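Let's start with one chain on its own, the form predicted alone, as structure tokens.
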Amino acid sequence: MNAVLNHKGALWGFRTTLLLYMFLLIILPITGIYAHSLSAGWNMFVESISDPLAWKAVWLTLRLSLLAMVINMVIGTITAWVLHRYQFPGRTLLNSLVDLPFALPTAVGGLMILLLLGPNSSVGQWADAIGIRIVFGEPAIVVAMVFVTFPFVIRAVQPLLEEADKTQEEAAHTLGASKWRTFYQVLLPQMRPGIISGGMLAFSRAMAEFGAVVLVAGNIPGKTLIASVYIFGEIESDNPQGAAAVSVILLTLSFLVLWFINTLQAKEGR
């Protein structure tokens, strides 16, 4: 088997298949978006991205995605720590449920949020009574973003906890360090690469979320309209140029996030 895999013809075939796959499914579509955004000229591109509604949608998306990222970094780290460190009934089931947002259609996630936090639910009615609007407002958008990006930090931190050197933690306890100081000075530095990379992936994914958000945001231009829904609206309005221009902004930000993660991992590898 190894002789077949090491054969020059097999290696050439695998390499060609990989390059063809990358070109057809990744490079070509991305290049097409950049090309289409500039198809009507540079001035039209600048005009599209300078539209006040477009900038408000992009800014709202970035702001709420950052908030969702911070929430996931905190909750995800705690969840990964609990799943790794403690044994309790239902731990295996809970660990399996972490990946549910990956398998569940995002529209179903949005529907769950709508039913649980909507104006007809107990939580929604209580929030309305104290003057807080969850669904069709920014809180529902953040909840939707946190839900669809929940696994990223957990799955990035868990392998680091499993590979962590327990002798350092035991030595800290032997020297009289408190549990909090041990966590902060010994365990947190070991988890930091996973927290940062998982958080950045969650941020990039939250920027692109559509299915869950479109059901709970209200999609009010300038208030609760995020970038992905704005792009959908531009397509529906027969303005692919405007949609492509905003897509370029999100795509470029995603590239920067991936570059940052790869740079961080390369530094940690050294």
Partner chain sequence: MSTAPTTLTSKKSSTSSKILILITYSVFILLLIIPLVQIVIGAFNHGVQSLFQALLRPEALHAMWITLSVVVVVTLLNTLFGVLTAIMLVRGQWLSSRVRRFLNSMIDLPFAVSPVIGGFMIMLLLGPQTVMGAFFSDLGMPIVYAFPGMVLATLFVTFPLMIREIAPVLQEIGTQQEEAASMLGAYSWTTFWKVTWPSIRWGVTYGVVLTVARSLGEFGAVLVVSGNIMNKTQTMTTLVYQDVDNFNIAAANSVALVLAVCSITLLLVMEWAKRRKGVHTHAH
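We call the rigid core the largest set of C-alpha positions that still match within 1.5 Å between the two forms. What you are looking at is a predicted structure, and each value in this text was computed from that prediction instead of being measured. Residue numbers count along the first chain shown, from 1.
Not pictured, yet referred to below: the form predicted in complex with its partner chain.
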key: Listed residue (T167, T92, T174, Q125) with a non-hydrogen atom within 4.5 angstroms of its partner chain in the model of the complex   = T92
inquiry  = Residue-level contact is defined here as any heavy atom of the residue lying within 4.5 Å of its partner chain in the model of the complex; does L188 satisfy this criterion?
reply    = no
query = Is the gap between R133 and its partner chain in the model of the complex 4.5 Å or less for some heavy atom pair?
reply = no
query = Is there a heavy atom of P29 lying 4.5 Å or less from a heavy atom of its partner chain in the model of the complex?
reply = yes
query = Can you check whether I75 is within 4.5 Å of its partner chain in the model of the complex, heavy atom basis?
reply = yes
key: Within 4.5 Å of its partner chain in the model of the complex: residues from 101-118 (heavy atom criterion)   = P101, F102, A103, L104, P105, T106, A107, V108, L111, M112, L114, L115, L116
query = Would the C-alpha of T16 be classed as shifted by 2 Å or more between this form and the one not shown after rigid-core alignment?
reply = yes
